[in-house]
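What follows is a single chain, given as structure tokens, in the form predicted on its own.
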């Protein structure tokens, strides 16, 4: 009898592996998704970037800011980690995490992998629903989607390069515009249930914003030097550290330009947001423009997603109809006038900097992570 049980068990694993479709038993033994560390065999440069990225450090095990936000979410008291869908999508017990029957454990490697390599590269399609776009993960293991044509066959997996959602960036939107219809975590009847993304936060739709020439991937995963695989040399690979405000952004002037124009009795500083989304998407961000005249600050402008409605501070993004006048919309400009007459010898400097996490909000939720609170300069332009 024991031999028969063992035979059936091994047969089930074998048949599943032949078809490359994981059975329930195979998932218990090997896991649904390959672990990140397996990718280092052939993709060392990419792995080094990804290891320290926000996608890898995405949940309460390794992201202090997200952990603080989660602990202030009423659902945390019920231990229902509804954030797992985007913040721990490779978790083996994701359904149990969401419904609260199991909690996150630090030794669970499937959660510690974050938004894992295998998860992202196995998304085969996205479906629009009333609760936002949902990603569809392929049941076929060892078949991954991407854009780079390989010159050599891999011994570990197949690669498909004909999936359009990887070329136009739509694959990213399933998480990054998750609550565009204000249905999932944001409840109009109970504003205590919140998540940091909502309709007003995203301002990105796959229909009107993402194109093959300019999309999430072309901007946030630009081609950088280094081979995308160790099996053969390629000059470049897509950056898997993901260019974002959480790191020092390079070539920021490509996306945000600052100019000066003299008037008779004043001068104007104009910020030109060339991006296909608003300057601020995430409501915990805060930008400051400091205008210097001969090394003395003469004007400071703050840009943030904040409302004057005391009822909603500091979680004003719950209120969908707020337009946030102190944000800068996609493909738009903001001009600040300084009532000072410039002399020929005057020197003007405009410094645009930011906090990844608004210090006032951090104080409210008990976040003390120095990296999240650090003030960083994005653009320092002299005139």
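Computed from a predicted structure; not experimentally measured. Numbering follows the first chain given and starts at 1.
There is another form of this protein, the form predicted together with ligand HEC, and it is not shown here; the text below is about that form.
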property: Region of this chain that lies against ligand HEC in the predicted bound form, out of 295-303, 258-266, 280-288, 101-109 [heavy atom, 4.5 Å]; result: 280-288
property: Listed residue that, although ligand HEC is not shown, lies within 4.5 Å of it in the predicted bound form (heavy atoms), from 140, 270, 93, 246; result: 246
property: Single option in 161, 233, 225, 79 placed near ligand HEC in the predicted bound form, where near means a heavy atom within 4.5 Å; result: 161
property: is_contact(residue 350, ligand HEC) in the predicted bound form, heavy atom dist at most 4.5 Å; result: no
property: Heavy atom of residue 276 within 4.5 Å of ligand HEC in the predicted bound form; result: yes
property: Residue 97 within 4.5 Å of ligand HEC in the predicted bound form, heavy atoms; result: no
property: Any non-hydrogen atom of residue 57 within 4.5 angstroms of ligand HEC in the predicted bound form; result: yes
property: In the predicted bound form: members of 41-73 within 4.5 Å of ligand HEC, any heavy atom; result: 41, 42, 43, 46, 47, 50, 54, 55, 57, 58, 63, 65, 66, 69, 70, 73
